[in-house]
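Take a look at this one chain, the form predicted on its own, written out in structure tokens.
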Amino acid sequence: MKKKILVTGSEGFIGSHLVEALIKKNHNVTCFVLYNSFNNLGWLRDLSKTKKKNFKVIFGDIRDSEQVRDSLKNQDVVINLAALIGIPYSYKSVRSYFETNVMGLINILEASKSLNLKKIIHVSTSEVFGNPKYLPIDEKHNYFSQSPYAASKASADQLALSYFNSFNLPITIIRPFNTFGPRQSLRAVIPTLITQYLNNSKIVKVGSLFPVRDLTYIDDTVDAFLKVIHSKKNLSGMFFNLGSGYGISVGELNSKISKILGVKKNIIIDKKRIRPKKSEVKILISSNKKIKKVLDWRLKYNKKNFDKALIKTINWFKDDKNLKEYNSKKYTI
């Protein structure tokens, strides 16, 4: 069934892929894009040229309550991907993270109280768990914020849940662990490694080779969002951890990328990339049993064919056009 869907943070990595998928499903999609004086649409720029009838853009700021309310009128679904996500910058600009990640969500939730939205999908992060007490991490695991970014997202999660309990809003929380693929920001480890192996330098700078992450290819992440959107089940008040269920270290990633590209470089530990000692999250591995059981979500790119997804990502970055755009820093949203 065709739906009217508003996507905040639509110009970013996950957002742009999700918007493309929603358009293909023939939904009417409104993209809420952070206002900027350059009219920069981020990764939506190509879509904006296609003259799709079921696609439109609104420039705004999720921190503006009136504009958020106006954008939500007559929508069936809102997917909140708008967030500040760079962990290192969160140490320096704590207030801005809470204004965007928490106050922005408050604006969505407050507006939704008087609107007839069928689904409110809030996007969380695995960082809210910090160093885990047990593995794999399920939805019942306690929160332990080890960065201001994690604290802002944990606060947003609890805020969303409180509005479900207090006002019965139809809120579902999706918690991706570490998604990767084409268009991902250079803030993330895989694009950082790939682009360094593709340049002319003889070295690759990393913060640490030891952290282990649960990595999910973008196509699988988008499919999970679609499962939630299209489900006829009542998912209100539910959390879904979204991950592959297995971990890979930064060191292993480095070795895989080096082997695929057939390039060897010296590894340099860059102190600027290292988190404060008590802030480093050593390992994150998801339990995806719940989303598999409730929504029948299945990974296309699982542990056995992880390298295929990695190769697809590398090939995208190898394209001269894409690499030049990253080097120009125009689209590192």
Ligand SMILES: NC(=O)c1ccc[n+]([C@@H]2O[C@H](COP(=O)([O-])OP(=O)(O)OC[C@H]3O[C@@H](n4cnc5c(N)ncnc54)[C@H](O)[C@@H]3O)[C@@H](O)[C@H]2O)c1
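Throughout, we count residues from 1 along the sequence that is shown. Small disclaimer: the values here were computed from a predicted structure and weren't measured.
We do not show the form predicted in complex with the named molecule, though everything after this point is about it.
- If you check the named molecule in the model of the complex, you find a heavy atom from every one of Ile14, Phe32 and Lys153 within 4.5 Å.
- Comparing 232-240, 107-115, 121-129, 139-147 against the named molecule in the model of the complex, the single stretch with non-hydrogen atoms within 4.5 angstroms of it is 121-129.
- Interface residue among Lys265, Arg69, Lys290, Arg63 relative to the named molecule in the model of the complex, by the heavy atom within 4.5 Å criterion: Arg63.
- Interface residue among Leu84, Met103, Ile260, Val206 relative to the named molecule in the model of the complex, by the heavy atom within 4.5 Å criterion: Leu84.
- The named molecule is not drawn, but in the model of the complex it has no heavy atom within 4.5 Å of Gly247.
- Put simply, Pro176 is close to the named molecule in the model of the complex: some heavy atom of it is within 4.5 Å.
- In the model of the complex, the named molecule sits beyond 4.5 Å of every heavy atom of Lys227.
- When the named molecule is considered in the model of the complex, Arg187 lines it closely, a heavy atom lying within 4.5 Å.
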